[in-house]
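Only one chain is given next, in C-alpha cells, and it is the form predicted alone.
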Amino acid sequence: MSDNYSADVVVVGTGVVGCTVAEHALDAGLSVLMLEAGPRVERWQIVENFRNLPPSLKANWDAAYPPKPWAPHLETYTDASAAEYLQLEGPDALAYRQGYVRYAGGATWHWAGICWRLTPEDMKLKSLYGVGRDWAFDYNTLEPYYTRAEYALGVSGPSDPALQWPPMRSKPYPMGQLPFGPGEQRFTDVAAKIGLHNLPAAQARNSGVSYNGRPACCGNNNCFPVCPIGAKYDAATTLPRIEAKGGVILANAVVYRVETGSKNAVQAVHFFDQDKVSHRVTGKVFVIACNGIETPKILLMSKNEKNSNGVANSSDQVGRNMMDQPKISAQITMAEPLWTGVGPVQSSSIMNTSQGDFRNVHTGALFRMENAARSRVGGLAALKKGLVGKALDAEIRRLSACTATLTIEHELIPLPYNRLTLSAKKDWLGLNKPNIYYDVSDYVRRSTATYTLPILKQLMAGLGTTDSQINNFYTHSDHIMGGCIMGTDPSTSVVDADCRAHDHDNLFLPGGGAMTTGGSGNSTLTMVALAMKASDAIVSQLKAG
C-alpha cells in the first residue's frame, strides 16, 4: 500500500461539482488533490468514438464512452457486463436507469447544458403544500450562489425578466440568449395559443462570443454525446486550469473507503488503481463529489466500528430520497414540417406548468420539444418500409422534417423508500454494485393522469399531429438527486446547509445528492450553487485553523 498522497483538500470526483470546489480552494491558496475513478481522455477521442459508431448506436450517446473494467457505468451497448452495473428494482425501476459516465470531467461531457434555477416555491414544498421537505434556507440565500455559478460556467440567457425563470436575480446573465430554431419557434407559438409560455432556457453555452477560452456555439446539434468544439461548458475544460493553479489530478483512482479516526473526523480515503493496488490519501478536508449514486455508495461501503451504518449515516438517510424527474415522451408525426435540429439539442421549456397550488395533490412538470435533428430517425424509419430510389429519398425527407419528440419531466418529492443500498453483486474490483429501489409514487401518477397528459395532448393537437406514440411508462431524465439529503436536523438528514456531513466536521458532500427537492428543471446549476456555498465554508474552516 502506498501512503504518499496528501493535500489540504482531497476531492473525490472530477465533475462540475468537484472542479468547482477544487478551483475555489486553489484560488484561496490551499493545496488540492483530485481523484477520478475513470480515465482521462481528450475531446477528439470521444468525437472519433461517436463518428465510428454504426448508425444503430448513434442514438445511444453513452456508446461513445466505453467503460473501463475498474470504473463501470451504465453503458449498455458495447459491454454486456457493464449493463449489469446498476441494479434496479421497484415498480418504476427503469425510470432510474441513469446515464452517467465515470470519466474525468463527469456527466458534463454529455449534458445538454441547461441551467434552470429552482423557484422560491420549489424550496418550500412542505410549508406551502404539505408535501416533501423544506430546504434548510430560502431562495434569497441561494441566489448569490446561483449568480456565481452562472458566471463560472458561462451561462447565456434572456435579458427580459418576462422570459427568465425565475425572474428574481441580482445580475444579468453573462451572455444573451441563443436564438430559437424554426421548430422551437413554432412550438412556442402553439404553446402560447393554449396559455402556456415556452421560455428560452438559460444554458452553459456561449452565444455568439467566446467565454473562458471556449468558442461560440455554432449549432453542431450533437451536444449528446459531446460538444465537438467545447462551446458548451464541460468540466474537462476546467481540469487543465486546475493543474495550472497547482492542483493534482489522479485518474483511474477508484475510491472505495472513507477512513475515520479520533473524534470521528475523516483522516483518509482509500482507492484502487487500475492494477487493483490500494493507496491511501490523507488530508485536512475531504469532499466526496462523485454523483448522487456513487457518493452514497462510497459512504455505505465505508462502515466501521464507530459508523456501523456507514460513514455520515447516523441518521440512516444515506442512500434514501433518491430523486430524478420521471419522464414521459411522445413520438409524433405531423402534417407539416417542424424542422428540429437547428441549434442545440435543447434550448427551451414550458416552466409555468411546474408551479401552482395543485402541488398539495399532485406534482408539477415542465414540457419540452426536443430539438435534436431527426435525419437519423427518419432515415432508419424509411429504410424499414422497404422503399428504394426517389420514394426512399422523399420519405427520409418527410420523416426528418415532420416528426418530433415531446417530453414531460415531472417533479419528484423526496421519499425515504426510494433507496440506494449495496448489492451483493460485485464489480471487477470486488466492490459492491449499487442497488436502487424506485417508485415515482401516486403523487406523480396522479399528475400524469389528470394534468400533464391532457396538456401534452393539447400541444400535440396544436402542432397538427397525425400519428403519435406516447410512452406508458416513466423513463429517466439523468438528473441524479438525493441520497445525501440536506437538513437542519441531524436525525433526519445527512448534511447541513453548507453540505457538511452532520457526523464529520471535515467531510463535505455537495452537489445533487444534497438537494432537498429537485423541482422540474435540470439540476446542474443548483448543484454548482451548492458547491460554491460549500467551497466558502471549506475555505473559512481551513483558514480558521
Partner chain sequence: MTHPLRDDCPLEYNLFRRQLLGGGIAFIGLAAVPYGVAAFADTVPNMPLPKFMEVSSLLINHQLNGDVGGRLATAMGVAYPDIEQNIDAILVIARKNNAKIVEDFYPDIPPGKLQDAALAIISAWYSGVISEELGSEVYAYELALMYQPASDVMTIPSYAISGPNGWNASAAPLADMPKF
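Positions refer to the first chain, counted from 1. Please read these numbers as outputs of a predicted model, since none were measured by experiment.
A second form of this protein, the form predicted in complex with the partner chain, is not displayed here; the remarks below concern that form.
Q: Quick one: find which of 504 to 512, 22 to 30, 484 to 492, 51 to 59 has residues within 4.5 Å of the partner chain in the model of the complex by heavy atom distance.
A: This holds for exactly one stretch, 51 to 59.
Q: Tell me, out of Thr475, Asn221, Ser315, Gln267, which residue has a non-hydrogen atom within 4.5 angstroms of the partner chain in the model of the complex.
A: The residue in contact is Asn221.
Q: Within 4.5 Å, heavy atoms only, which of Thr353, Thr238, Ser400, Thr448 is in contact with the partner chain in the model of the complex?
A: If I apply the 4.5 Å criterion carefully, the residue I get is Ser400.
Q: Kindly indicate whether Gln177, Arg374 and Gly389 are, all three, within 4.5 angstroms of the partner chain in the model of the complex, using heavy atoms.
A: Per the other structure, all of Gln177, Arg374 and Gly389 touch the partner chain.
Q: Against the partner chain in the model of the complex, would Thr405 count as a contact residue? Criterion: heavy atoms within 4.5 Å.
A: Result no; Thr405 lies far from the partner chain in the model of the complex.
Q: At 4.5 Å between heavy atoms, is Thr363 in contact with the partner chain in the model of the complex?
A: Close contact is absent here: in the model of the complex, Thr363 is far from the partner chain, nothing within 4.5 Å, heavy atoms only.
Q: Although the partner chain is absent from this view, report whether Trp339 comes within 4.5 Å of it in the model of the complex, heavy atoms only.
A: Looking in the model of the complex, residue contacts with the partner chain include Trp339, since a heavy atom lies within 4.5 Å.
Q: Might Ala251 be said to contact the partner chain in the model of the complex, defining contact as any heavy atom within 4.5 Å?
A: Flag for Ala251 set to yes.
Q: Using a 4.5 Å cut-off on heavy atoms, what residues in 179 to 200 are near the partner chain in the model of the complex?
A: Contacts from 179 to 200: Pro179, Phe180, Gly181, Pro182, Gln185.
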